[in-house]
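Presented as structure tokens, the chain that follows is alone, the form predicted on its own.
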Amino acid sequence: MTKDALRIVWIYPDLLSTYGDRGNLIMLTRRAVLRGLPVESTGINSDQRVPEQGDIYLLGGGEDLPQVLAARRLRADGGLQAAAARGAVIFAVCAGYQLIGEVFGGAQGEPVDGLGLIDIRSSRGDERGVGEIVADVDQSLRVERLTGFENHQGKTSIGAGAKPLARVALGVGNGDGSGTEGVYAGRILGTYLHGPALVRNPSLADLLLTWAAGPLPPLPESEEVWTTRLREERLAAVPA
């Protein structure tokens, strides 16, 4: 990897890329390049070592068995854990969100050890969340209202070492009865949102870039036309 480039690592696209979450990589890259930041992106399949010197690591959604396999291989590899320990940014979606926690539900609902990168515990809930979700982000993060699509039966509870990312206005979110969606602690952030999440929510993408590269200038309005239009369209499509 080039030392002076923003290094974005897409983790296990062969296992965790079921719902178009590669769009998160595309969105981060575009918004960085538009600001003059050189970017080097790398896709790491499950038979490859995870590099420890990345700046941003992305994990996507996946089915039950690939999720279990991904967790086992990442635990054995140790690269993502080492990157987290030195303060790298980690953005994890759905199956990826669950597996960065302490434990999650396997293919038959059995508990499976996660990576322990953030203080959450997940299991299989009674309610399946399928459809549009809208959630209001913790004000301290200065991120606009989230819009996304959820498709999961996960129930994720947040421990004392982490904070909810947002409060649900529409949808299921974490599904633990708390009315919350997602989690964050330090530079690690997880969510159930697809869509892809960072395409629908450019201010969330900018938060991750800021964590990795420092303060960023706003983009010119001419570069925000399509992202703004998509946000307005999706927010208008759900009940107020």
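Note that residue numbering begins at 1 and tracks the sequence as displayed. No experiment lies behind these values; they were computed from the predicted model shown.
The same protein also exists as the form predicted together with glutamine; that form is not shown, yet it is the one meant from here on.
Among Arg128, Arg72, Arg121, Lys163, the residue placing a heavy atom within 4.5 Å of glutamine in the model of the complex is Arg128. Annotated contacts: Arg22, Pro196 and Asn201 are all free of glutamine in the model of the complex [non-hydrogen atom within 4.5 angstroms]. Segments offered: 163 to 171, 108 to 116, 145 to 153, 78 to 86. Contacting glutamine in the model of the complex at heavy atom distances within 4.5 Å is 145 to 153. Using a 4.5 angstroms threshold between heavy atoms, Ala135 stays clear of glutamine in the model of the complex. Proximity of Gly175 to glutamine in the model of the complex: non-hydrogen atoms within 4.5 Å are absent; the residue sits far from the partner. Although the partner is absent here, Glu40 lies well away from glutamine in the model of the complex, with no heavy atom inside 4.5 Å.
Under a 4.5 angstroms non-hydrogen atom cutoff, glutamine in the model of the complex lacks Ala92 among its neighbouring residues.
Of all the residues from 47 to 83, those having a non-hydrogen atom no more than 4.5 Å from glutamine in the model of the complex are Gly61, Gly62, Glu63, Asp64, Gln67.
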